[in-house]
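A single chain, nothing else alongside it, follows as structure tokens in the form predicted alone.
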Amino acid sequence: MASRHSDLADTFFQLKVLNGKEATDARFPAFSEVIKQASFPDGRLRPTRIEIFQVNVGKLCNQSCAHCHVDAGPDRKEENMSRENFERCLDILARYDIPTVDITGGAPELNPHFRWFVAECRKLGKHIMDRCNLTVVVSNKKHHDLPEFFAEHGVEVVSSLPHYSALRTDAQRGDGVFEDSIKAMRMLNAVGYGKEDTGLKFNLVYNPTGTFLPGNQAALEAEFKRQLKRKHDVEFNHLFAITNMPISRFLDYLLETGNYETYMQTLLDAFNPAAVAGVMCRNTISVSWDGYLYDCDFNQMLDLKVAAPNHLRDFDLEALERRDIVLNQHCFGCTAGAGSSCGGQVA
């Protein structure tokens, strides 16, 4: 969207749409009002304990996926995390007992400091997750050894695969993506990822290819495993089912196709009070490439910074764990049906 100067490249414009003040007359109940029925009578949501330090290291990517909430792509070269901000992250991770580092992008592996950062996090004894788009592994010879690098450092690999068919995957992510993804999966399997008893976790992420909620996560996992093993002889550990969030490129799609109001009503009708307690913003802090702090990756893409000291240089864990989480209408996406987070269903 940024490359074509879309109005939706402006996060303020996206928020105006979500709040019924631009591009549509649709108005829905405020999320803060709706969660009052979910054991949050004051309409405020607060953290439990910060257990996941999620770092978006930049928007540079070798793909331009139709659903991408980051609006990442090959043209986003200027928005990459600096060595200085990586060092700030490491200082925080050394000082505080935050067990998991979740690295995302863009394609995080394209950041020139990525491997160094992973190695330093490993030295600190952190559990490391890398949100790898798979195709980056085969896109350039210099990345072909990524599976071995991941295995050496015990990295948990989490990768998006919209479907077990080439047609539906390529429709969302681009021509040839499915074939390259299968090649990368075979490379990961070859070093032990997705295999029993290796300890090398390889998980897939599924999000719907249309304006509907994901199906049952366990059933989807079983079918993905069966189809991918039978047709391509590849394996993975678990599948995370994630709801498409009505922001960025997916919001653009909803508006262009006239599906915005219907989709938002679908999310609202499927609101699940039991999912509110498990949303990811309650145990996660999200760090942007330029060092600002957010409640989650989706708030980051809407530039909704935390209601506390909001930059790495002012990091205050105690204050962050006391903060009110910033809420808006896109939060209905995380609380619809079985709920949705970076780790899949929550209820």
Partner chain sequence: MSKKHYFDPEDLKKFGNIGEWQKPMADKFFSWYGEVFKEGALTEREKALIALAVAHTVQCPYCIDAYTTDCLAKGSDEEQMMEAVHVAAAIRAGSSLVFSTQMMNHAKDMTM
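Positions refer to the first chain, counted from 1. These numbers were taken from a predicted model, which means no experiment stands behind them.
Below: the form predicted together with the partner chain, not depicted.
For L213, a non-hydrogen atom is located within 4.5 Å of the partner chain in the predicted complex, even though that partner is not displayed. The partner chain is not drawn, but in the predicted complex it has a heavy atom within 4.5 Å of L220. In the predicted complex, at least one heavy atom of H163 sits within 4.5 Å of a heavy atom of the partner chain. Among heavy atoms of T257, none comes within 4.5 Å of the partner chain in the predicted complex.
The contact with the partner chain in the predicted complex, taken as any heavy atom within 4.5 Å, belongs to R226 out of H144, R226, R95, R115. The partner is absent here, but in the predicted complex a heavy atom of L167, alone among A119, L167, A190, A274, sits within 4.5 Å of the partner chain. Heavy atoms within 4.5 Å of the partner chain in the predicted complex map, among the stretches 75-83, 126-134, 205-213, 149-157, onto 205-213 alone.
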